[in-house]
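The form predicted alone is given below as one chain in structure tokens.
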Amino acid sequence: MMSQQSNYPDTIKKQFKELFNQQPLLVRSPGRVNLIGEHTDYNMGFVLPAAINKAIYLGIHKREDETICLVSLDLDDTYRTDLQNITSSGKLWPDYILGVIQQFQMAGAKFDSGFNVIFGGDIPTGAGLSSSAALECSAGFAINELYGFGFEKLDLVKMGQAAENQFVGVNCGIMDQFASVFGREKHLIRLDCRSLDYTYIPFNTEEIEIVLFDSKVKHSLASSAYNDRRAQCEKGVKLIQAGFPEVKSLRDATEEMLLNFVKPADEETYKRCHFIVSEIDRLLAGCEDLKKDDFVSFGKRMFETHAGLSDLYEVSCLELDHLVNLVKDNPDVLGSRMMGGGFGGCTINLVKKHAVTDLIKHVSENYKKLTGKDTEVIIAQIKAGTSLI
């Protein structure tokens, strides 16, 4: 993996010259963090993501024939197919791009030729920063530009999500692709997952850093538990519908409805639904905090989110809990929580800038003692979304 993000565009240009004797169109598409609002997306609630300073860089150029040639710099691997034969590669990494090509074809786009792609990036895989969404969005944006198809940004977001759902087979919500494409420097995106309306919320503090501690764990529980939680949320909605048929998702539910219809029927389902309903409220209140630059109040909500994810939604794990416990009594850490689907990945922390170096040392040493694992540290800065370089 290359260390300097700025190397990628130069390396891609150089490789294009050597392999294809072409000058590529270059696109950057970022990974994302989500400040608050976890597991709310598939319950039609709100999320609060931002694009970050880790990205996929992708070069593209047309060919004379109908061949699709894809080159991954980081994996040192090449995959070839042709426009008329877009099927699963059996390798996974090409599928994120092939799924996007298929989405263009299904939307009626007519390719007049095949193309070459070379890509690489500095988004750590498995850390929950959505490297896959960044790859889908970079491919969609690049294809749209190269062929002049004229699709809107939201179309490209939906194509990326559909590629992952239908072609790769991961049932993700729309947040990751949306954040990658619509990101704005020094702003979070308050995204309504039902209507897809969005508002930019300023996050331009100079005194606070967003520090990610990667647990370096990915438990196999994650995907099955994710599907179980979705099913429990749907069950909760069905129980509520006995008294309130108009409730279509937990977005529409209140705590009173949960107490009357869900808790008497199923205690575990109640715990899951209670977390989601309170998390949606927490996010909306947190946005009001940020409008007042009240990072202390916002940070407290992040700690509350982690407690809920750990105790009520039960998607944390020992390693993530350790990472939060190691910072929770530190006055220089305003907020901390696990981020993403759960059972591994990162914690996201709001840390006073002057304290970052000492905190990293403290967490790294103690996490190693507790788990025997090293944590990788990422300082995430909030950057703009997908664009041409």
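The first residue of the sequence shown is number 1, and the count goes up from there. Note that this is a predicted model, so its numbers are computed, not measured.
Omitted here: the form predicted in complex with ligand GLA. The next part is about that form.
Between ligand GLA and the residues Cys317, Cys172, Val217, Ala162, the one pair within 4.5 Å by heavy atoms in the predicted bound form involves Cys172.
Remark: His39 counts among the residues lining ligand GLA in the predicted bound form, judged by a heavy atom distance of 4.5 Å or less. By the criterion of a heavy atom within 4.5 Å, Phe244 is excluded from the residues contacting ligand GLA in the predicted bound form. Although the partner is absent here, Tyr147 lies well away from ligand GLA in the predicted bound form, with no heavy atom inside 4.5 Å. Proximity of Gly340 to ligand GLA in the predicted bound form falls within the 4.5 Å heavy atom cutoff. With the partner omitted here, the stretch from 31-39, 346-354, 327-335, 54-62 that lies within 4.5 Å of ligand GLA by heavy atoms in the predicted bound form is 31-39.
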